[in-house]
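First comes one chain, alone, set out as structure tokens in the form predicted alone.
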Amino acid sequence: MGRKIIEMVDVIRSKNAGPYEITFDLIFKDFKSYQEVRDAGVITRELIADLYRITPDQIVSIINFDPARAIKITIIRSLSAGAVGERDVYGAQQHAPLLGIEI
């Protein structure tokens, strides 16, 4: 551990993936950085569950996508988009916990 993920990516974002899911994209600056994170196995169900205070079964997928130098994570929303009490209908403000990941 030592490098912060924010030093290795061009984009970290979250967005709506339909009314019941949120997706996160980590798009890396270069293939070497992407490959380092992918091969280190740092982005796991356990890590994401811990960061978002959810259970691993609430993680729909973690996909490494080599052609885009990207990792895509999709989780089940705690409340559906637009439900009473839901605070981010677009899911656009949910990526902050990812910013502290260290490799």
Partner chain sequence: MEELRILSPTAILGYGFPEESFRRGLAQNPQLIAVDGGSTDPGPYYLGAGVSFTDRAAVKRDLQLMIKAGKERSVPVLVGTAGGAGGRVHLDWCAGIVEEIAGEQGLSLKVALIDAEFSKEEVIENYRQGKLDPLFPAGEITIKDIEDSSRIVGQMGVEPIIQALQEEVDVVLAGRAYDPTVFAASAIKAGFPAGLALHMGKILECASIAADPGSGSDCMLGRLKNDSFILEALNPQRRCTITSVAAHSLYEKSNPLRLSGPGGTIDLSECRFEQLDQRQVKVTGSKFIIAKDYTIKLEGAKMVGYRTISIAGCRDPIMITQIEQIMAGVKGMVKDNFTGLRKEDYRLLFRIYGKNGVMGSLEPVKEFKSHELGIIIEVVAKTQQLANTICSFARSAMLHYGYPGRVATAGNLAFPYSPSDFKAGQVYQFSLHHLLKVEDPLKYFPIIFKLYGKGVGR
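Residue numbers count along the first chain shown, from 1. Everything numeric in this text was worked out from a predicted model, so none of it was measured.
Although it is not shown, the form predicted together with its partner chain is what the next lines describe.
- Its partner chain is not shown here, but in the model of the complex it comes within 4.5 Å of a heavy atom of I63.
- The shortest heavy atom separation between R45 and its partner chain in the model of the complex exceeds 4.5 Å.
- Put simply, T74 is close to its partner chain in the model of the complex: some heavy atom of it is within 4.5 Å.
- In the model of the complex, its partner chain sits within 4.5 Å of a heavy atom of R53.
- Shown here without its partner chain, the chain has D10, R13, K15, N16, A17, G18, P19, Y20, E21, T23, D25, I27 in 3-32 lying with a heavy atom within 4.5 Å of that partner in the model of the complex.
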